[in-house]
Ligand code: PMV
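Below sits a lone chain in structure tokens, taken as the form predicted alone.
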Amino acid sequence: MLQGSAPGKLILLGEHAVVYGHRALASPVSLNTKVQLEPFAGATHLGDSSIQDERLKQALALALPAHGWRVQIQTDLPIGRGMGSSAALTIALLRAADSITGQRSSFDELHARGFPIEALFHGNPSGLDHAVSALGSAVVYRKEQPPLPIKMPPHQVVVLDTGHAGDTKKLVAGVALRRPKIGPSLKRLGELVEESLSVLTDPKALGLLMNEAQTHLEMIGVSTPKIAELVQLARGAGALGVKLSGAGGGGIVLALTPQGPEQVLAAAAQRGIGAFACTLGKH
């Protein structure tokens, strides 16, 4: 059986500021999507899949030969929560396609081939998500520039789910309408990325930057009462840094838990909140 796999991602710092020329910091996570191919005497088609999306057929058509394969897709990633599930699928499909011919595409090849597949899911993707999936390393990313891989030690985190997805397009538009009043907060969100690069091995210092970032994300109007509730819950359970990750307006909250995830997971379970542990910087 031929296969390809790729990790999802989380934005650690810099969301929304990246729209205005600042850099963002993103990392792969220890959750993956796997694509398996079985020879089949007929048209390539989707078999078993833990992802249900009508655009999958189009994605298969862009990545794989039109005939000869039955495709199985399995993922550990939550869908539509800003963790790069479509990007992981994209890179896993392209790696599965490579396994047919025995070739190994370079990062540049995977990144370029990934854009039209990611566009099926996101319209006009920045390239950040599938860059992280293809590289399998943390990156700092500035719009319209190549992603810069960086070394980051593994960090234990808990992801808490608000229970609904935010509308990224609407949220980005709302931030634009609130400028220039929120300009200082956007600038500070960008500065926090730069400051983080010297403390990536120090969870306490990194947590402080994450907490400050959450304050500014609230100030630019992309947090919600539910996000604030989850932030307070995780901090109360001992997380060193807690913030929304992604566009906001819903989605997920990221909690840095170097002492272990148990207390945060227990606090979330007690309140009936969906949460799971994973590792940043590892896949």
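Note that the structure is a prediction, hence the values are computed from the model and not measured. Position 1 is the first residue in the sequence shown; the rest follow in order.
The form predicted in complex with the ligand exists for this protein as well; it is not shown, and the discussion that follows is about that form.
By the criterion of a heavy atom within 4.5 Å, Val18 is counted among the residues contacting the ligand in the predicted bound form.
A residue is said to contact a partner when one of its heavy atoms sits within 4.5 Å of a partner heavy atom; Ala275 fails this definition for the ligand in the predicted bound form, lying far away. Gly246 belongs to the set of residues with a heavy atom inside 4.5 Å of the ligand in the predicted bound form.
Contact between Val172 and the ligand in the predicted bound form is found at the 4.5 Å heavy atom cutoff. Partner contact region in the predicted bound form: 246 to 254, out of 53 to 61, 246 to 254, 29 to 37, 230 to 238, criterion any non-hydrogen atom within 4.5 Å of the ligand. The single contact residue among Ser99, Ser137, Ser105, Ser126, judged by any heavy atom lying within 4.5 Å of the ligand in the predicted bound form, is Ser126. The contact with the ligand in the predicted bound form, taken as any heavy atom within 4.5 Å, belongs to Thr168 out of Thr168, Asn211, Gln74, Gln156.
Annotation for 64 to 99: the only interface residue with the ligand in the predicted bound form is Gly82 [heavy atom within 4.5 Å].
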